[in-house]
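The form predicted on its own is given below as one chain in structure tokens.
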Amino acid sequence: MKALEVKDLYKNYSRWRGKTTKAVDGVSFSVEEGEIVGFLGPNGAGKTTTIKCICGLIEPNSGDINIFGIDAVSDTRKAVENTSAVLEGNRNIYWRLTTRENLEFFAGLHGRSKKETKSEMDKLLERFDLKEKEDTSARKLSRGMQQKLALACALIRGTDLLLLDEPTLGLDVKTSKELRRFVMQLAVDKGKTILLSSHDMNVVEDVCERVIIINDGKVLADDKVRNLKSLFDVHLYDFILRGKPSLDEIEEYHEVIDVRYENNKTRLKVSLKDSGSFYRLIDHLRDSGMELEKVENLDTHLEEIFMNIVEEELGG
């Protein structure tokens, strides 16, 4: 069974003098049970609106949303019983409640008692370094701690579908890395299904096997990360040379992406079509009397893929 199915989703917002803004323009995708899917797009692309439609906070103008086979548009309450969300910003927790009270409250909303969840709460408090702050009101926590508490409150509900919108916002590097491992464990060990939206491409690339990219409310790409990497593999190489080569001769046969000069060294980033081009450039540099100090193959990263897809859409 598919955990989540979105089909032909549309959402418009009313503006001044009867004008409307189309936030979501026919978005369709699905997520299998136990899958972690990245949901990407620039600011204003429609990501958060789509997520809010899925979790019942916004009513779409038209379209279908099914969560574990339940119609989330006509039977929102029943569909979202098995859904938890962490939305961007500080609206995921109650500021006047303490850290532990927040956990107890959100567990109770899902029909889970204090006794049933005490051990689980203790583990979450320890995992997110919130144990010492369990009796502190949420409004007195740092931005990062509030974000960690929001994640813990989503997890304590025990739902099988998690919607995470910028879950690492405000987290330090260490906690962000720990969260990535934890998210993967939720899918592998607990069978959770996760739709993850983030501007941090490292987070998405680390934990997601598949990504959906949207812009202007439309889906531009929906594929496995490895397939997108193969499609946009540009064979980038970074050369560090002693001296200053003739760029005119190099640019005649190769695409120079970037060049920098410092301390009698040249750092040359080039895009090569194939292995033959690589060896021809090596021969050219040697014949020109250049001393090659270091060469590094630069893997195509998800951020480059994302920019390529969005820029192609804008240009096309």
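Numbering starts at 1 and runs along the sequence shown. From a predicted model like this one, the values you see are computed outputs, not experimental measurements.
Heads up, the form predicted together with a small molecule isn't pictured, but that's what we're talking about next.
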inquiry  = When the contact criterion is heavy atoms within 4.5 Å, does Glu88 count as touching the small molecule in the predicted complex?
reply    = yes
ask   = Does Gly44 make contact with the small molecule in the predicted complex, using a 4.5 Å heavy atom cut-off?
value = yes
task = Please run the contact check for Ile305 against the small molecule in the predicted complex: heavy atoms, 4.5 angstroms, yes or no?
result = no
request  = Classify His199 as contacting or not contacting the small molecule in the predicted complex by the rule of any non-hydrogen atom within 4.5 angstroms, answering yes or no.
outcome  = yes
Stretch in contact in the predicted complex with the small molecule, which is absent here, among 63 to 71, 286 to 294, 264 to 272, 35 to 43 (heavy atoms within 4.5 Å) = 35 to 43
